[in-house]
Ligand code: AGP
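What follows is a single chain, given as structure tokens, in the form predicted alone.
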Amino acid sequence: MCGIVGYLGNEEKKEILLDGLQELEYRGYDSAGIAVIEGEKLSNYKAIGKLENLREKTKNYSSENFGISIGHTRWATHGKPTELNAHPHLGAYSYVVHNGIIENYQELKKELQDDGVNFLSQTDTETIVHLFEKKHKTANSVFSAFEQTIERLDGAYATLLITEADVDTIYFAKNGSPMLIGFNGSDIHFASSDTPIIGKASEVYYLEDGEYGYAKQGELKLFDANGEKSFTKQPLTADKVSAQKDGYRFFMEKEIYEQHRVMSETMMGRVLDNSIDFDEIDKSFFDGIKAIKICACGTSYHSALASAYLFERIAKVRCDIEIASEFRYKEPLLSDDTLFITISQSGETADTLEALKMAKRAGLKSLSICNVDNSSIVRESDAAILTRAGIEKGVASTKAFATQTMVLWMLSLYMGQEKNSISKELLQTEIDAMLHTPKALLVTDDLHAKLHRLSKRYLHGHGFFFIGRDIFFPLALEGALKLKEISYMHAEGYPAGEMKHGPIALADSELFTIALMPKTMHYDKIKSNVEELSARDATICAISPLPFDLADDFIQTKYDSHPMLEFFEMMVVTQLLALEISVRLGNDVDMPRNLAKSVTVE
């Protein structure tokens, strides 16, 4: 999501920090800031927008002597992109930067406010620095105060803290969000990926979850739950593009693999033990709402289609789905008891934005689901829920689709909860399934290796049918779209029950059928549909937890206790299959021909 850099040493710190943050631009950001302690002097600069704005603010500043320094690029999750919300965050005498989400920040913030602490920002991060300074009042050392602070944090975090109480030390901790430490003689660098320290450090140590410690000049101490521990440095790669990809061949591949992590961030602070909570939505937001209309394009449209089943089944509210480019010209009937939801990865999709403006002119209440705060669609909407997927460089969307679908699932539960249309028992069942979703998104070596082997079968033929029922029909549409986008092969998604109403005429040995066959939803029905295709010699690739004798290829899934767990696990399979077919065909996986990441034209 965001980017972290830190430096401890004698070189000019401003340029090291700014250059490091520049290398992290690929992660996406909406504001940036740095803090430096040199001797007894603490300096701090922040700016919204691009790094050029921060460079301009710091053009007359330099630091030439030994000092400690931290920097950050922020992708907004709690609070708008403003200078007050930008990192580093300041206490009375300390600064902190942080990636991730502190899940219990509301509890910590209330506790601190009750002690008289004034908060300047809307962020979860600011709780860290105030909590540290509270602990420091009674701790026997700065490090003890830092340890006590980390013990109180729930959620994901990679954090650096500097304080005037110890002007030659950087304190660090990592849990769930990536962070590494680079070494070059007595100089020590911190970063959220290799890229900022390539050329500046010769060795590196990748922090594990639960590790924390402190760095002084020429010294680094590392701890975990068992106390102090030793660590082994390893050589640092010199390839910056490879570092951005974290060792993966393509950004799309990296983004498929990181879906399990960003899904946790999407849920943090929202999926509670027995309820769903959205800070972004006022409790009265759904008052008077009797129906939902969702407008989106492409992959976002598919996530919307899947959610229609959830809103009607769980929240008991009518949900209509519209393709944004068609909605604008159909002279739609709009009533003010309808909530108008728009979905967009970038928040700049032209057709979706124009549809939103139409709905607002008609007096509809609006909600956007987006990955980019302060984007046009977010600004235009009455309320917005950020997916927290981080930047997605692969044009063929993966983690954006996954996080959009999760937000819509959470929203269907939240709406049912607020309207009392869902039982406590069903709500708890859904929440329990949600909390298991990150595991369903993990990519195993065995799965990826199998899909790599199978992909060689699917390099010819006259097309693909992805088929599914219920929520697996929109997933079939999305699987077909992924394959089309990066392999350039013809693929269609179809409701399995519709095959006999025409498309089955295409069935022969050169027609590849990707069958989504969940155990928890209409298995016998779709099994019958697939048997009809097999009888006409279609080549069948079955994705299911249950073995299927007629399958030419069978990919066995593990999660079969809830439809959405099966949905997300099968989603990963279809994404990887498209990836491996595209690789075998020699295509540019990340930048497929004729496509753009953000479609800002009609």
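Note that residue numbering begins at 1 and tracks the sequence as displayed. Because the structure is predicted, anything quoted here is derived from the model rather than measured.
The same protein also has a form predicted together with this ligand, omitted here; what follows describes it.
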statement: this ligand in the predicted bound form has a heavy atom of only one listed residue within 4.5 Å, and of 474, 298, 182, 213 that residue is 298
field: Partner-contacting position among 99, 195, 345, 412 - heavy atom within 4.5 Å of this ligand in the predicted bound form
entry: 345
statement: Within 4.5 Å of this ligand in the predicted bound form, heavy atom basis, the matching stretch of 158 to 166, 477 to 485, 221 to 229, 99 to 107 is 477 to 485
message: Please determine whether residue 395 contacts this ligand in the predicted bound form, using a 4.5 Å cut-off between heavy atoms.
response: yes
field: in the predicted bound form, residue 307 touching this ligand (heavy atom, 4.5 Å)
entry: no
- prompt: Applying a 4.5 Å heavy atom distance criterion, does residue 94 contact this ligand in the predicted bound form?
  reply: no
message: Whether residue 437 contacts this ligand in the predicted bound form should be assessed with a 4.5 Å heavy atom distance threshold; does it?
response: no
